[in-house]
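What follows is a single chain, given as structure tokens, in the form predicted on its own.
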Amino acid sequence: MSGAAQALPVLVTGAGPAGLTAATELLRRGVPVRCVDRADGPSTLSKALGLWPRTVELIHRVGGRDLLAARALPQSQMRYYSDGKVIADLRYRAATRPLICPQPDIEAVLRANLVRVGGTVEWSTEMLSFEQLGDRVRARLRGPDGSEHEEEFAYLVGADGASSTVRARLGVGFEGSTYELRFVVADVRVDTAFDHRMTHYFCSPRGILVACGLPDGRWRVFTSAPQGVSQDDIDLAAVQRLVDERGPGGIRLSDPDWISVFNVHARHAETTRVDRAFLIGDAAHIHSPAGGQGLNTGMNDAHNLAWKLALVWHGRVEEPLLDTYVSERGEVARAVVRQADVQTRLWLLRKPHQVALRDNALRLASGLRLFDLAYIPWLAGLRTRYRTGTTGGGRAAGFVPGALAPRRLRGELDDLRHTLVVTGAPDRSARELTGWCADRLGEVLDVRTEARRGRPALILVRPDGHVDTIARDARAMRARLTGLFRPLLGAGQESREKKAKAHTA
């Protein structure tokens, strides 16, 4: 890429959770950003609710801890019922406990984070079209006053939702299906003795009913809709009838804040990258709300792409690193779509023998605490494992190739740089390597020594906390570092960053 193109900003279309995260993380890493949204302001619709621990980590890193805590309700567990009887309790540990926070509040926290790093959202600004010109993207924008003009950008990030303009203009397919049944969602006051800090799943042959407490004292009620129901057919009385039919009885609804009927889809994009244009969040994948993964997956898409895009934009790694966004997050999206589909179909079982099998399986798994071992940590975003770097060194001192670094250490690492963790007593070659890293890679790599028992190891941790490479000798790690990073460019790099700052100003 030419130096002039390198100084161009990145265009992020869409100011939902994924777009706000992408813009924030790019700005934190010194990349100029334009974040535009055709809406005239933030959405007031509640939509997504849950924030899993991995996503909470990302928000806290930027400084949104106190603001989020003031708006969120920690959950204690999920409870499953069949025909009104409890069949399973899925309890959270401290490390896996999600927060319930309506999407408008989540977005308010994310916008505050964006402002904290010097960014803003350009509302009433729509990207109409774009073309890719080899080393840049030329986009046509329409501003708040209706005027249209063209601007050039280094890259384009499409965070513009399920009906993505970016995806459509790229000609990328959106594979999958739509469930035959529609669903009803309502945010209401509820007169009930059910625990407000649990999510309650009432399964019955008549349909699924999910009730989840909200931070303001209301409840989110989610249920399958009768055949042929439309938005015009649903009011509070209709929702009450569905709750009476599917629930255990004695749940009285009042004061609705929001009632909606919607279709549920299970789709993902054929690819999430075409040259300099990327898709994240709902533009890349949509699925059932089962498991509460949609918003979380989108924000983690954005984080994964942003740190890689920043390194490429600064000229410190080669462009092929961006292909790992496609492979890594594509694999996660497909897993999420599959999991949500399986859970949704389990909700909707009607035949007696199928219901009995489901209920017995849930009872057994709950009694043995099997959900604690795999399913809940996966939902929490703590079991994601990428195919990264080289794995010849095997596991070492609690580090697993591709997985997240241990929780305690993860919170202490510099998330704007890679970290080389040296465990055990380093030999001469390891000490020489750390000196070489300080001289050659200091701007992109931190070095940390951990006094741990066991064989010495060299562990390369990425800015997102995932383990890139584990090596037992310095030569192997040096080969990985020289293969990953370009040599720093000195005065040329400074010149490019000055151009970027001038462009932003």
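When you see a residue number, it is the position in the sequence shown, counting from 1. No experiment lies behind these values; they were computed from the predicted model shown.
Unshown form predicted together with a small molecule; subsequent notes refer to it.
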Query raised in the report: Is there any non-hydrogen atom of N296 lying within 4.5 Å of the small molecule in the predicted bound form?
Result: yes
Requested in this report: Mark A22 yes when one of its heavy atoms lies within 4.5 Å of a heavy atom of the small molecule in the predicted bound form, and no otherwise.
Outcome: no
Query raised in the report: Hey, in the predicted bound form, does D135 get a heavy atom within 4.5 angstroms of the small molecule?
Result: no
Requested in this report: With heavy atoms only and a cut-off of 4.5 Å, decide whether R218 touches the small molecule in the predicted bound form.
Outcome: no
Requested in this report: Quick one: find which of 360 to 368, 337 to 345, 282 to 290, 174 to 182 has residues within 4.5 Å of the small molecule in the predicted bound form by heavy atom distance.
Outcome: 282 to 290
Requested in this report: Please pick, from A474, L445, A48, L58, the one residue with any non-hydrogen atom lying within 4.5 angstroms of the small molecule in the predicted bound form.
Outcome: A48
Query raised in the report: Between the options E331, D275, E126, E152, which residue brings a heavy atom to within 4.5 Å of the small molecule in the predicted bound form?
Result: E126
Requested in this report: Tell me whether A15, D37 and Q103, taken together, all sit within 4.5 Å of the small molecule in the predicted bound form, counting heavy atoms only.
Outcome: yes
